[in-house]
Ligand SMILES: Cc1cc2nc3c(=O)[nH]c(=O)nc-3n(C[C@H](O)[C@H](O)[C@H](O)COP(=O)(O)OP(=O)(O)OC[C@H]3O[C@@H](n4cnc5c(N)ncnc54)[C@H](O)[C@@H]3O)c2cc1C
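Single chain ahead, by itself, as structure tokens, in the form predicted alone.
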């Protein structure tokens, strides 16, 4: 009889769903519809495998991280499970390098003290002290980069970013968390077109996602639109232009919303330009990162343009 381990306790599941098994024992698990529709009861298996039916309806990025719906899960083997917010342990890392990418964004490379499992586009928490941390997305790709790569934007009066800009240097030891988040590339559907829209340091996860997709042999069109108030806000321009030269299916469009646009830069709001160039997004995969107002508007507008909500991945910050 399969057992479920949760919170250090073991429960025999019998013919019940995982959710019914736990709640029958008085274990409080968030839930609502109990039929797999609302996804309120979402959990993650950290040991063992769950049936594919328990992942039905989840985004591929969640399924790839062993998330499942306990209301639909009738385990066939012993499993250990946690709630989504659990499991982000802390580790130490050494700062390998710190460089200005533009006046407001630092590129930081880190050597974790032990191997860190992550996917390009996920985020880690960066701790100033035990009580103060901020989340930063990973621009690195595990198969391509030896270090973790972060793009940190200086936020006015930012407790963590201000400290990073003023104090962080190569050789320092810092505390970070393990990686989390579902904004990353999942192999499969190699011919699917991909649209990526970002502002400011929202480029960081998109840069990782693009390189990961290309590394996996993605053949569909990959179109990146990066927005900034003026040309001084862009960074990694040469790296992206080089990718564009080497990969015929990748297109990079920097978009200037207020300042004067240089040659080969688009003039206007990044979302408007992206949708004008790609008015029909039926069947596309969408990644949206950066300014929360832009991301929220883009989720709505790309859906209205035909993209499925299950194909829209967003990371506002």
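Residue numbers count along the first chain shown, from 1. All figures in this text were calculated on a predicted structure; none of them were measured in a lab.
The discussion below concerns the form predicted together with this ligand, not included here.
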property	result
In the predicted complex, the one of 220, 158, 84, 107 near this ligand [non-hydrogen atom within 4.5 angstroms]	158
Sole residue of 123, 225, 184, 234 within 4.5 Å of this ligand in the predicted complex, by heavy atom	123
Heavy atom distance at most 4.5 Å to this ligand in the predicted complex, all of 135, 204 and 317	yes
Contact stretch among 74-82, 226-234, 149-157, 240-248 - heavy atom within 4.5 Å of this ligand in the predicted complex	149-157
Heavy atom of residue 112 within 4.5 Å of this ligand in the predicted complex	no
Contact of residue 162 with this ligand in the predicted complex (heavy atom, 4.5 Å)	yes
